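Taking the form predicted on its own, here's one chain by itself in structure tokens.
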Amino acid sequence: MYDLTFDPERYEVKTCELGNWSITYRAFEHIVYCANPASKVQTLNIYVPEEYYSGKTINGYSLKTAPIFTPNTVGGYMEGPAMEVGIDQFNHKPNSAFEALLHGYVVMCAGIRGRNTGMQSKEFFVGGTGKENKENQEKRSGRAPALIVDMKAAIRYMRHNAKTVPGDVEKIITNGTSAGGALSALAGATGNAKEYEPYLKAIGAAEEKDDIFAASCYCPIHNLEHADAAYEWLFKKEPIFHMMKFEMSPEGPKMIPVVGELSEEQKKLSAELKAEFPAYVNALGLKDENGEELTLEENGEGTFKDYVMSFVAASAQKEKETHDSKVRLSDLAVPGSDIEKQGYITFEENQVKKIDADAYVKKITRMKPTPAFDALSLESPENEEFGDDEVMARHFTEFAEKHSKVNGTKADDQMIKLLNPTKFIGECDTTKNWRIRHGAFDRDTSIAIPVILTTMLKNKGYDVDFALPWGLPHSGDYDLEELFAWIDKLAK
């Protein structure tokens, strides 16, 4: 049993110098945030600008008024060790913890269990740290819903110690990319939801509230049970897939391209999955900003598709006016994404008039074979996420279970729900403040998926800052200046 009392005297003063910038900070590290941890990864780090301890302010914030920025390192639903202040392995720039400290935030980084907890693995996914997992003696305790349970336990730890921890515990902002973006969205959507209580009790989480102030989500891989249908709705006409496999090297993750073509069977499955999507969208009762219903006809066309493409058009318009991705993010933007070279966009006097949706999809290319998430041979990361210590992997859609190549069983419906933020919006203490980003050239999930999340939130009265940054692939933390400006506007 671990004591959940924060010790304000247990810290090291550290200095981190990156490029022209330097920050001196107090590091409270390796704090166990639950009384009965199931894994060594369940610790958190708290970082605080040292200037706060001599009564100074940064950006108008002080020791007790600073928002608590909470980034995670979850990628591919794998274990995410607590972030440390330093370099981001993926983009080779100062990481969000470093930047947040410079900006005057208190930073809380929680270690989060994942599907590879208790297993050896060398996998790398966007959003992750790229650290090799060598632990092999624990149980596989990191499967669903462990990642959101751990985040909630860390938030509860902060609230439990509200009087002694640095920062304002009522201003916790989660941040993550890919599966880590899904984790951030889950933290935002499921505040104080009773469904997680048995899991929190099992690890000895503090009996406190776990709702948050705001959620920042980069390309969240979520709504998994509808992601396959959404993927084929967008990519059905594209039979060639272009994947990127990541391998860790001493210089960081290396990308290895893999090209393939859908088999005749996969093309048939693609058509079946695409046909499932309109019924799902129509059942949601989505409306646009003018109160118009967003629906799809059986062929996949309709007002919802027009609405999705309106965000692509807005992204193209912004890029035409600012060239932000080309100038500021040239090392990240997809080669060939220069706005002037996109023949499928019709401009009139520098205004986007029309986008040929099929040609746009052809340009960004399909990334995944069919089904994109619930693999029929149970070999996808998401299949493992729904496994447990006895069963390595499970299906999470009726479609894949029906077509399973390995007699796979389907995860329990309640377990699938616990990993889907859209199921909780407005049903508990969902955060009011949302910022969602998904690259306009990101093919890891269909752009319909973040649009659905955004629209559901807006329809229920929540504030959402949503955009599809032009030319960007599956990635995150590329616009921290804008993210921090958004946080400041809310926090001040």
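Keep in mind that this is a model prediction, so the values were computed, not measured. One rule holds for the numbers: they count along the sequence shown, beginning at 1.
Separately, the form predicted in complex with 3,4-dihydroxybenzoic acid (DHB) exists; it is not shown, and the next lines address it.
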Proximity to 3,4-dihydroxybenzoic acid (DHB) in the model of the complex, single hit among Gly75, Gly142, Gly188, Pro71 (heavy atom within 4.5 Å): Gly75
The single option of Glu225, Glu382, Glu99, Glu319 touching 3,4-dihydroxybenzoic acid (DHB) in the model of the complex, heavy atom within 4.5 Å: Glu382
All of Phe125, Ala179 and Lys368 with a heavy atom within 4.5 Å of 3,4-dihydroxybenzoic acid (DHB) in the model of the complex: yes
Stretch in contact, per heavy atom within 4.5 angstroms of 3,4-dihydroxybenzoic acid (DHB) in the model of the complex, of 332-340, 350-358, 171-179, 417-425: 171-179
Exercise: Ile221 in contact with 3,4-dihydroxybenzoic acid (DHB) in the model of the complex, heavy atom 4.5 Å: yes
4.5 Å heavy atom contact, Phe235 and 3,4-dihydroxybenzoic acid (DHB) in the model of the complex: no
is_contact(Phe373, 3,4-dihydroxybenzoic acid (DHB)) in the model of the complex, heavy atom dist at most 4.5 Å: yes
Residues from 473-491 in contact with 3,4-dihydroxybenzoic acid (DHB) (non-hydrogen atom within 4.5 Å) in the model of the complex: His474
